[in-house]
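As a starting point, one isolated chain is supplied in structure tokens, in the form predicted on its own.
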Amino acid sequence: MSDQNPFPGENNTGHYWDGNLRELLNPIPKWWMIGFWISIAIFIGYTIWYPSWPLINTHFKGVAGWTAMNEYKEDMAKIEAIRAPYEESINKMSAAQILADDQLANYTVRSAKVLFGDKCAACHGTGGAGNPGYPVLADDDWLYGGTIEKIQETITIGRQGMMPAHGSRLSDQQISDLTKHVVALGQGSEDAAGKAVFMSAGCFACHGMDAKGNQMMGSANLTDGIYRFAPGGADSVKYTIAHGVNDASDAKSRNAVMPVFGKMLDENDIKKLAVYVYKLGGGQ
């Protein structure tokens, strides 16, 4: 940079580089200045209209009296006004009647989605896809029945089935044979030795002579190849036979308890969840 200005007639600072690069002193464009002052005016108006400046024990509340909570309450009031006719209908109708009304059933499913996420998804997974050790609700396999009435009953009173542990009653060979038979049943066949154990151990008393289960008791259908406990297959079957389910006499027994929601949710919420779950699994 030279101390001499090579552009004496130009409005510049006298600083230049590389022969012709220099710093000019041109005024800011008028449109930019107008926008600048408008933005200041908007800022001042905003801080007067809305809550803004902090004070000693509170803050300036604004001349409009606006608060985020008031806006939230106003928005919720509008939403509740839209929901009110549907909620009133749900209150008067049974879950089966709700299902029969396509428009109301659609509303109920949408309304229950958040409820399901809060109360049920922790065990049954998002969209009823299930988690390890918990039933899938998005299929058509039901331990206690998949009618809308049964689903509502299950949600209301909960479920706690029981399968006795056979580890102390059967030999290792008998448990292995019975495991092979149960796995074979799920594949559409049988195992002769295991079938003999199935009969002699009295498994048919709960699971039926055809091994298709008993929904009144909540006993599993052994012929559908659907396993209640992960990872499924022979290892899971063998463990369940040996240690049972909810058997207090065996410390290793599987724990399978559906909570009672009748004491936690109101009747409308239970009906909503019943319809939602029914729609997930197609009912029965």
Partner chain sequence: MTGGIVNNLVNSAQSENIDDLYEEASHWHVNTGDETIHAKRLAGRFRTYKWLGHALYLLFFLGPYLRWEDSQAILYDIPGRKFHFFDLTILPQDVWILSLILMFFAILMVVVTAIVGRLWCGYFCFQTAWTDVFTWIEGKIEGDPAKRRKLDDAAWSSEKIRKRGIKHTLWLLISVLTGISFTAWFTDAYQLWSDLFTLDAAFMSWVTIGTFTAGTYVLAGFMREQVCLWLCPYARIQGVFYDRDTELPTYDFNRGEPRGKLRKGENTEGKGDCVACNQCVAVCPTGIDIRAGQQEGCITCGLCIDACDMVMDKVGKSRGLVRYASLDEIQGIDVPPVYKRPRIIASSALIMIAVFGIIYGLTHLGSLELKVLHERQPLFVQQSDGTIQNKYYFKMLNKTDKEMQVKITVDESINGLTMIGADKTIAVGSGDLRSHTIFVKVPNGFISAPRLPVIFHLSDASDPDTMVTYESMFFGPKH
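Numbering follows the first chain given and starts at 1. Rigid core: the largest C-alpha set superposing within 1.5 Å between the two forms. Since we're looking at a predicted model, the values are computed, not measured.
Heads up, the form predicted together with its partner chain isn't pictured, but that's what we're talking about next.
Heavy atoms within 4.5 Å of its partner chain in the model of the complex are found in exactly one of 220-228, 246-254, 43-51, 57-65, that being 220-228. Proximity to its partner chain in the model of the complex, defined as a heavy atom within 4.5 Å, holds among M162, I157, A196, A129 only for A129. When you look in the model of the complex, the only residue of S176, N106, Q97, N214 with a non-hydrogen atom within 4.5 Å of its partner chain is N106. Its partner chain is not drawn, but in the model of the complex it has no heavy atom within 4.5 Å of K78. Contact check for K73: every heavy atom lies farther than 4.5 Å from its partner chain in the model of the complex. Its partner chain in the model of the complex is approached by D139, whose closest heavy atom lies within 4.5 angstroms of it.
In the model of the complex, its partner chain stays beyond 4.5 Å of every heavy atom belonging to M264. Applying a 4.5 Å heavy atom cutoff to its partner chain in the model of the complex picks out E10, N20, L21, R22, P29, K30, W31 from 8-46, in order along the sequence. After superposing the rigid core, the C-alpha of N268 moves by less than 2 Å between this form and the one not shown. K252 shows a C-alpha shift below 2 Å between this form and the one not shown [criterion: core-superposed Cα displacement of 2 Å].
Remark: with the core as the superposition reference, the CA shift of A234 between this form and the one not shown stays below 2 Å.
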